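There is one chain below, alone, in structure tokens, taken in the form predicted on its own.
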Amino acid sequence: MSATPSTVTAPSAMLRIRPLTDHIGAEIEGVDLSRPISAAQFQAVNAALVAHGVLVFRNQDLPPAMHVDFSSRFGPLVGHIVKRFSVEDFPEVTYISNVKNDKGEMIGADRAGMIWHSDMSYMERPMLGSMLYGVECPPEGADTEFASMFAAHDALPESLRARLNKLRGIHDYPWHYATYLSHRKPLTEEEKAQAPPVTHPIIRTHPVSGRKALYLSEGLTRSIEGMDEAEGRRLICLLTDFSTQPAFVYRHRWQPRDLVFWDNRSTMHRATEFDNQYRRLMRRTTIQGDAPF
């Protein structure tokens, strides 16, 4: 869907903010992330993230050191539970990739995130945001879809919102890994121990804007506390389907040197299919947030 708002200029930050859809996504122009950004630019980007949920920065030269520098302005960085996916010398940066090393092993999380989820929602303090940088992108496919959980929440019937406001979802990474990532080497007991199941409110309050958002996903929310496992799972899938209707979704078609920054507190996302004959090499950082409330 084309956005009706026009480009907004942030004069003190020398930025242009161009909304991409009516509910979610904006492209940020006029900033070079290969060098530290100013305080005014940081404030403008942070405000745009809260307002739009997903920010796109095109044609950025972003080596790992600057990827870390920019990301860490927003909060502490959290690496992947599976340490073998970390970028050399940068444990805070994770490879999302189908590229293999000299031993024939995947250097990154391959076929990652292909079901709707919010990054690391299985932690007591889930991620504020994530930044994904395109190093090598397939010529077709491997897009990323983002859904506005603000828009989904606001569109729900009031009676259903009232019911959901009393419920908590069970977020479970070992369950997710066993269910959706069976093509990978199994998690070790140590890795499983780092991510025991946690519960979070199904409707959460954004800590900056105060807006309400749905906070669950088909990929990482196993069930709902206090409900029959299968019944809770059905409700999660129903709400995921509702939240990802086209009007609430922005689909990003990757180009090399794109950086996409998204707010995990108000969005969920998934990668789309692609032909595995094409190389895909992405770098991701994740920024720790607060406990949902």
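Numbers for residues come from their place in the sequence shown, where the first is 1. Note that the structure is predicted; figures quoted are calculated from it, not measured.
Separately, the form predicted in complex with a small molecule exists; it is not shown, and the next lines address it.
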{"property": "Proximity to the small molecule in the predicted complex (heavy atom, within 4.5 Å), stretch among 109 to 117, 86 to 94, 184 to 192, 218 to 226", "result": "109 to 117"}
{"property": "Contact at Thr144, Ala271 and Arg280 by the small molecule in the predicted complex, all three, heavy atom at most 4.5 Å", "result": "yes"}
{"property": "Proximity of Trp262 to the small molecule in the predicted complex, heavy atoms at 4.5 Å", "result": "yes"}
{"property": "Close approach of Cys137 to the small molecule in the predicted complex, 4.5 Å, heavy atom", "result": "no"}
{"property": "Met123: touches the small molecule in the predicted complex, heavy atom cutoff 4.5 angstroms", "result": "no"}
{"property": "Proximity of Leu132 to the small molecule in the predicted complex, heavy atoms at 4.5 Å", "result": "yes"}
